[in-house]
Each structure stands twice: as C-alpha cells, then as structure tokens.
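The data below hold one chain only, encoded as structure tokens and taken in the form predicted alone.
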Amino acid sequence: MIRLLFIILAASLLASCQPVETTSEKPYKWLIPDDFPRPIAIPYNEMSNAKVTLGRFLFYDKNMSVNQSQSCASCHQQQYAFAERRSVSKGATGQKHRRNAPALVNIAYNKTLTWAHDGLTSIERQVLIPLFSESPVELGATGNEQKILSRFNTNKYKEMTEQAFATEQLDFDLIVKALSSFTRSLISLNSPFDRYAYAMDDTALSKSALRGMDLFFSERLECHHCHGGFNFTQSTTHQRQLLDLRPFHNTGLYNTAGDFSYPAIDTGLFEVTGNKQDVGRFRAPTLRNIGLTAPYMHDGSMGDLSQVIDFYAAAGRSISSGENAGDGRLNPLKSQFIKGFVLNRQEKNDLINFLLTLTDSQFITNPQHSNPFKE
C-alpha cells in the first residue's frame, strides 16, 4: 500500500528530534505534530513568542516600505498560502520583479531560499533581499533606513521590541531577526493528506484522491523524485537529516535560441554558480497548499494545475512564436526525471484531486498568522 511505503520512507528520512531551546521566558512551542521533525535551531536568532509577535506586526506593516505603499504581506498573502495571484511581483515603486513570489510554507525547513540560489541558506539573509534590493526595488529600504526606522518609534513597537530583544531601540538587525522568526512560524502540516498518512484517518481522502496519490508516487510519473519527503520538496533540511539532495532542476520550460538556450532575463542557478550546466535550473518548491498558489513556475507562466500536468506529461514546453520561441522538450540541460507520460482524463482528474488534498485550510485561516492591524 502506498501509504505504508510513504510512512516508512518518511520515518527513515525524517526522524523526530528534540524541541529547539530558546532564550524566551517560555520556550517557543512549534505548531508541529509529534511525528514530524523540528527545524534546525538558529543559534544567533533563537525562536521566541515575543520575536514572532513583533515579526508578525512588521510583516503586515506598510511602514516597512519606502513610500508606505506595501508590506511583506502585499506579495505574501495568507489566503494564498502566503503567495499571491500575480505572475510576477511588483515592488513598492511599481517595478516588476522577474520572478513569481514563492509561497511561505514551512520555510523553516528550507535548505535553500529563493528560486535559484544554492548559497542562500538562512531566512535572515534572504529577508535582506526584499528590504534592500535596488534592481528591482521591492520595499526600498536602501538609503531610506532612518526614514523607515523613525516610523516605528511608537510605544507599541517599543514595548514589543523590549519583550523580544530587551531593548526599545528597533534597528534593521532586529527587524530582520523578527521577520525571520515570524516566517519560520508559518508551519503547515494539517492537510487531508496528513490526516490520512499520519493520523491514519481512512476517510480523509476520496477514492479519486487515493488513485491520484498512487500516480504521484509511481515511477510512471516520477513526481516524488523532485517533490518528495514530508514537505514535498527536495529543498528540506532539519535535525538528523540523512539525505542531501540538490533541489535545482531544468524542467524544459524553455529552449530559446542563443548561447544559453534560456531567456536571458533569468537563467536560474547559473547566475550564482557560473556553471553552464546550471542554466535554467530552479528550486523545486513544496507542493503543500499548491492548489492555492497559482500561477506556477518561477516566472508565473502557467495559470493552473491542469496546465502544469500537461507540461510535465509532454516532457517540456514548445513555444511556437515570440521572443521565447523554441522546444523546451529538446533542451539539452533538461532534468533526467522529465521524461513525459500519458494520462487519460480520469487519471489527470485523480492527480489534481490528490494535489488538492495538500491544502491546509487551518493554515490559511490561522489567526496567529493573520493581519494584526485588522483585529
């Protein structure tokens, strides 16, 4: 039975570990079921309830942007599993990003951050990008640090900062630590699939979803090779990690003319490594809450799950005209796992129904993650 095989695999790879110790008055309690591992502790930024609370306010506060037009939550919206419905994000000044905003789901477990950076391994470093990036401008803090900080010189923020860091003086170092703590707290492990696979609730999945699960974990489709483990992604790390897989893949999305066979606007991991074999490689994201996070792919170029399944069934995408014309199925750097497959209508529907069982409705309505300014 696929459930038993999955549980055995998960248990061998993802052994439970001791709770992370914190310096707060009360140790931080992860919203993680007992059978799941805990994220790796960050010694210089231990989790605490006070940090998470401060980070939550900062995450939703438009005072974080240079012109007070956007917050972190503008691009990472709770109802969409902290993603957004745009193909690519827009910054505070209206500049378009070249990439789709990734969902902030279980990123406490992420081995790497962003779509294509194998050296970006801590949330604290990643948070600096939307804050200070200049091309494109996102929140626009560069050169405006004191202007932005002055907006948080309020009794409420002084009180929260004192509780979190034993000082009333909020600076960007503490802002980064608080935002990182809040985003680490965004844990989603209560989907119908979890109730079926871990709580042994045989009624949690429909017959169609069960058939779709068998397809997902089959060698025929090979989905689980890139979207495996309890977090449905290779980009996972935690205490007692046993496997260390490289989670970046060229999926045959493009095969343009020119030196790189990929759109110059974004050549993926190659931009970091300089290794031509990494052209077009992007991180395989978690599939948890995937039914909420459309559009898909690093550039938001696919609108729904049906399109995504058709793309993988075809072993890549052929574009007949325009600046990105070319047959991605023939991209020489395409992953060995993108081989294509054939599904009938019922099987495709079953697979989609399984993917929808990864939606955690509690996660997207949890008041602990919601906008505190609307309470």
Ligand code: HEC
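In this text the structure is predicted, and so the values were computed from the model without any measurement. Throughout, we count residues from 1 along the sequence that is shown.
Heads up, the form predicted in complex with ligand HEC isn't pictured, but that's what we're talking about next.
Peer 1: Using heavy atoms only and a 4.5 Å cut-off, determine which of 141, 189, 209, 226 is in contact with ligand HEC in the predicted complex.
Peer 2: Selected option: 226.
Peer 1: If the cut-off is 4.5 angstroms on heavy atoms, which of these, 160, 197, 297, 170, is the one near ligand HEC in the predicted complex?
Peer 2: Partner contact (heavy atom, 4.5 Å) among the options: 297.
Peer 1: How about residue 231 - does it come within 4.5 Å of ligand HEC in the predicted complex, if we only consider non-hydrogen atoms?
Peer 2: Result no; residue 231 lies far from ligand HEC in the predicted complex.
Peer 1: Could you confirm whether residue 104 comes within 4.5 Å of ligand HEC in the predicted complex, counting heavy atoms only?
Peer 2: Yes, residue 104 is a contact residue.
Peer 1: Please check if residue 335 has a heavy atom lying within 4.5 Å of any heavy atom of ligand HEC in the predicted complex.
Peer 2: Although ligand HEC is absent here, residue 335 would touch it in the predicted complex, with heavy atoms inside 4.5 Å.
Peer 1: State yes or no: in the predicted complex, is some non-hydrogen atom of residue 145 no more than 4.5 angstroms from a non-hydrogen atom of ligand HEC?
Peer 2: Taking the distances in the predicted complex, the answer for residue 145 is no, it never comes within 4.5 Å of ligand HEC.
Peer 1: Among the candidate stretches 162 to 170, 148 to 156, 197 to 205, 216 to 224, which one is within 4.5 Å of ligand HEC in the predicted complex when only heavy atoms are counted?
Peer 2: Looking at the other structure, the answer is 216 to 224.
Peer 1: Is it true that 183, 253 and 305 each have at least one non-hydrogen atom within 4.5 Å of ligand HEC in the predicted complex?
Peer 2: Every listed residue reaches ligand HEC in the predicted complex, so yes.
Peer 1: Could you run down 248 to 286 and flag each residue that has a heavy atom within 4.5 Å of ligand HEC in the predicted complex?
Peer 2: Result: 249, 251, 253, 282, 283, 284, 285.
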